Structure formats: structure tokens, C-alpha cells
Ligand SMILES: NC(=O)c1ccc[n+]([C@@H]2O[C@H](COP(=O)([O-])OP(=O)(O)OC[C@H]3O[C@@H](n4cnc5c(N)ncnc54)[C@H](O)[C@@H]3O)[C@@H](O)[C@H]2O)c1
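One chain comes next, on its own, written out as C-alpha cells in the form predicted alone.
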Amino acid sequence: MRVLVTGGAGFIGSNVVKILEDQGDKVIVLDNFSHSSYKNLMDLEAEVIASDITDGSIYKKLPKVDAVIHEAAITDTTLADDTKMMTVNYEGSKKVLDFCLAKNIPLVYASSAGVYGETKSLASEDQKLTPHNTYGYSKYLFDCRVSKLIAKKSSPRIVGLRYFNVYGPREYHKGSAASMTYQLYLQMNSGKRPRVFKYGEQKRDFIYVKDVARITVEALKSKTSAILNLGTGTPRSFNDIISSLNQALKTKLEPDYFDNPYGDKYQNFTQADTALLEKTLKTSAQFSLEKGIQDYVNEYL
């Protein structure tokens, strides 16, 4: 199978490319390298097309493909340029979708738990969506567009995956936008106390990128169109991350707590309801936080 992966030089995208290549698929990467790194492709064989998903002319030049996995996006939720965020994440995604509709080929795309905004309990796909920032709104708008197509039951198969808090190898280029797991690792590996917002009790649904990439690729085989949560279903605290890193690094560093400057724009809690994922794709996350961090530190960091 020939698969186009947009954003294939990015964090999750390059992990997806690796899995596709490992199972014998031919991969074409479409990436403008503005929020990714060539280093993520150095051990891969994918054909690379250096272009932007917002460039409508590129879709006429793409080679024939059997499916698309759409990972290209601006994922830095603190970006102040709302126009750029919407242009890439929404307008660019619409062009990818239109390409798949015109070619009648399956599309799997990355949505986000950011569409839910502030939640205090399990986030289910059918609940009201209240994004807290432009990033979440850009993902929300595209989900709404796809939902209308799915309801018509006339489109090729489309699967949207609402990624929760992803961490793991190939995120190093993301800088301050990299996962808290990686940020805390850098601090602790240099002997510094890990800095987290008071008092480290905020909980997120942290999911290892190996699970995310594997399930994203498996979604290409889905028999139905759907928008699904992709998390572990188990919320864990920042204190839990620090504990797991201490164990992996064989250290005993205590947290350094400080005030949260983001106020009500910060998600203090995320937890994915994974029932629909398990029902639709017959799969689930395999890595616990402890197991994922152990693998990340020992095998990659």
C-alpha cells in the first residue's frame, strides 16, 4: 500500500512512518519542515515532498496513493498568531480532506483532546465541545466538518483520532512544546529538581507515542468512519511522571513547585473515554505510564 503522511517529519508523523515502513508499506511524506526535523527521517526510506498542506497546487502533483494519514499541524498551543493557527490547522486540513474525497481514498487524521477544553471527568466523544484556545478551536472546526460528512454516509472512510497527552521518541525538535515527560527528563537528567505547577496533582491522560502511532496505522483498516478518543483511559499526575522518571534514572529528586501562570486557559485534567475506540478498532493502549517512561528513557534518551 502507498500511504501519504502529512507532517511525516514531525513527532507523531515520523513514528507513524516507521510503523508503515516496518510493515512493508511505501510512504510519501509531505512536510514543510517548519515544525518538524529532518533528523526524524534519517533512519527512514520515505519519499519526501517538501511543501505545505495549505498550498492547493501541490495536490495536483502528488503521486498516486491508496490512503492518507494527516498529521501536519501547528501543535504549539501558546502560539499567538491565531490566523496562522487557523490557516494551517483548519484551512490546510480542509485541502487534505478535499484531496481524499476527490480520489475516494481513506483518511485518518489527528484531532486533539483540546476540543474538550476544561474537563473534570471522563471525556466522551458525544459530549459538548468547549475548546479553550485557538488550537483547540481549529481542531474542533475540522471535527465538525468531518462529522457532517460521516453523517451523510457517502464519503470514503474517515477516522479522526483525538490524541490526548502524547510523549515519546522523536519529539526532541519541539523545544518548549515537547511533552512534560521530556521537559522533566531534561531537568532531572542534568541533576536539577523537576519544576511543575503547584502541587503536581494535575492529572492528564498520558499516552506513549508507540501506542498512538500503532493505533493510528491500525485505523486505516477501520470498516467504519468515526471520530474517536485516543488515550489510555487512565489519568495520571505530574507527580507520577516525576516518580517514574526517578525510577528510570535511579534518582531521588524532589519536585520544585511554582504557581501556574496560565489560569483558566490551562487543562488541569484530561481522561479519555476509550470505549468507542475499543469497540470500533478493537484495540487499546498497551503501555502504562511507568512502562512507557521506562522504555523511553532506556531505549531512546
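Note that the coordinates shown come from a computational prediction; the quantities given were computed from them, not determined experimentally. When you see a residue number, it is the position in the sequence shown, counting from 1.
Although not depicted, the form predicted in complex with this ligand is the subject of the following passage.
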| property | result |
| --- | --- |
| Contact label in the predicted complex: S34 to this ligand, heavy atom within 4.5 Å | yes |
| 4.5 angstroms heavy atom contact with this ligand in the predicted complex for A9 | yes |
| In the predicted complex, N165 touching this ligand (heavy atom, 4.5 Å) | yes |
| 4.5 Å heavy atom contact, L107 to this ligand in the predicted complex | no |
| Residue among S51, N246, S237, Q267 with a heavy atom within 4.5 Å of this ligand in the predicted complex | S51 |
| Candidate from S225, T181, S112, T134 lying within 4.5 Å of this ligand in the predicted complex - any heavy atom | S112 |
| Location of this ligand contact in the predicted complex, chosen stretch of 187-195, 73-81, 145-153, 121-129 [non-hydrogen atom, 4.5 Å] | 73-81 |
| Three-residue site G13, V88 and H173 fully in contact with this ligand in the predicted complex at 4.5 Å by heavy atom | yes |
